[in-house]
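Take a look at this one chain, the form predicted on its own, written out in structure tokens.
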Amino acid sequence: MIAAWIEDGSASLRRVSRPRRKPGHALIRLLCGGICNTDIELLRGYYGFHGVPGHEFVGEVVEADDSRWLGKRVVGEINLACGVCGWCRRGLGRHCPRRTVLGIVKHRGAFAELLTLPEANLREVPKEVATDHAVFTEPIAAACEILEQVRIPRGAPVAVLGDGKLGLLVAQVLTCHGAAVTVYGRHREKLRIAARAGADTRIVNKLPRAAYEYVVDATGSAEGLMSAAAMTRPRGTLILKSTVHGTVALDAARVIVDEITLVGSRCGPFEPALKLLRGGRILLDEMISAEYPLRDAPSAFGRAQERGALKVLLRGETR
């Protein structure tokens, strides 16, 4: 079968073996995949990755132990935990030291004609949610994770620094929660999406200092993290959503003196994300920059790296 392949800084198309389905796993035909910033960082050398990438996907189950999954349109939690260690017993399988991660750590990704995942990881896509929208489940879940980790009161002012894919989703999720969100970015056309979703927007010129109790860094850059820290009030909370390849400098003295709480935030629960999708509360059509068939994956990765690009989708091969 064909699959996208990234190695040594380049994306290509390869023929790879059909995956073998383990007991308890499902075999899933790719319907649609989404290229995210983590995929771009993997392309640039993050984790020393080479292989089939992709963790944002919608697929159709073609084989499963539980026949009730057959023919279902699904998304999937990306962490494959051992299920028996102390972290897993505490419900923190996302931090299982023996976990593999779809398309990132030792588990072939979704940008292929077929993929496998444990049936326990699958979530059925509601009938009323379009496939193009369902592919955003994983990043919306990552945005929802902020509310699992940090108690943000309704009406509280929150700054989101960064107007890329994740920043826009974070802004929309927090706006739906009832926070008073201001998005700081560099692209007027992207900021218009946040504005239509109910957030205030600001073109980055001179950022305010020590102005917000809650700040979310979604810039994807080391410089953005420094700026986000400077925007955080004493005893405020800085939420780190960016995946940055390489070492990041931070003014630790200011963090300590101002007693700023740093919260690393990664994957999140799918159920709140699917609820938001079912309610049609997130603007997504405006966030799709381009669509390519899977066989044009190298071109899709090129488009995803272009300045101003938002979500680039990969369509599964038609049967």
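All residue numbers refer to positions in the sequence shown, first residue = 1. Just so you know, these numbers come straight off a predicted model, no measurement behind them.
There is another form of this protein, the form predicted in complex with another copy of the chain, and it is not shown here; the text below is about that form.
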Note to self: I need the one stretch from 195-203, 228-236, 171-179, 118-126 whose residues put non-hydrogen atoms within 4.5 angstroms of another copy of the chain in the predicted complex.
What the structure shows: 228-236
Next item on the list: Answer with one of Asp251, Glu291, Asp65, Glu286: the residue that has a non-hydrogen atom within 4.5 Å of another copy of the chain in the predicted complex.
Entry: Asp251
Next item on the list: Could you tell me if all three of Arg90, Glu259 and Gly264 have a heavy atom no more than 4.5 Å from another copy of the chain in the predicted complex?
Entry: yes
Notebook entry, point to check: His95 near another copy of the chain in the predicted complex, any heavy atom under 4.5 Å?
Noted result: yes
Item checked: Leu240 within 4.5 Å of another copy of the chain in the predicted complex, heavy atoms -> yes
Note to self: in the predicted complex, is there a heavy atom of another copy of the chain that lies within 4.5 Å of any heavy atom of Glu77, even though the partner is absent here?
What the structure shows: no
Check: With the cut-off set at 4.5 Å between non-hydrogen atoms, does Leu70 touch another copy of the chain in the predicted complex?
Finding: no
